[in-house]
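First, one chain by itself: the form predicted on its own, in structure tokens.
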Amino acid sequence: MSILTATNVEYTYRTRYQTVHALQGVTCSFQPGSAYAIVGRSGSGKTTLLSLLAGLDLPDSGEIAFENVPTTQLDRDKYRREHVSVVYQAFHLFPLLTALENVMYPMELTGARHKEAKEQARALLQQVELPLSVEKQFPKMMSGGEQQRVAIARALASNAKVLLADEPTGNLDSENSKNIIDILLRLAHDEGRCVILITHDNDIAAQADHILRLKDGQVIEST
């Protein structure tokens, strides 16, 4: 059964100088326990679709639904806080917080006790295969691969059922890219999460269970 669906989704950007039909009648569905790759050239609508799936914006028409409830009817702040997490290419870690504190932050934001948040954050860092020595390091002290693992651990802190990743390997070398993709696939297959990633890398996309290919705001292939 699908956990997240898009049905006839339309979205248009309008500026003073142009109108861009970013998504045109996009329909797709995503199930827990599977990894999905959304691929397409720049401007194909990938990031717009991810933004709508994350509840960061609402479609002009059509529907995005989480567990059969349209995002127009959800408390979208709560949706993003509890049910869906996003991992970005640029990591977006808090520079003045340690790795452990970065992962603790979402839990403490929802009222978790400090001791419990610390224990769970430590377990999440271990889950993404980071050594204990990284816990007290600030982002600038870590490699790109380490920062992305911390970002994934932080995304997992809310126990979200859906994990969205926007070019998660875009700033990483091939070895670290492989490690990050392995972690994301494991989260889908071993933990039953729904993992949806945007990538321009066909080799990475080929490792996903399903591929959604966009062109000019339309789905041209779904496997």
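Nothing here was measured: the structure is a model prediction, and the numbers come from that model. Heads up: residue numbers just count along the shown sequence, starting at 1.
Missing here is the form predicted in complex with a small molecule; even so, the following discussion is about that form.
- Of the candidates 62, 170, 33, 43, 43 is the one whose heavy atoms come within 4.5 Å of the small molecule in the model of the complex; the others do not.
- Taken together, the three residues 13, 22 and 47 all come within 4.5 Å of the small molecule in the model of the complex, as judged by their closest heavy atom.
- Only one segment in the set 47-55, 186-194, 25-33, 64-72 has residues whose heavy atoms sit within 4.5 Å of the small molecule in the model of the complex; it is 47-55.
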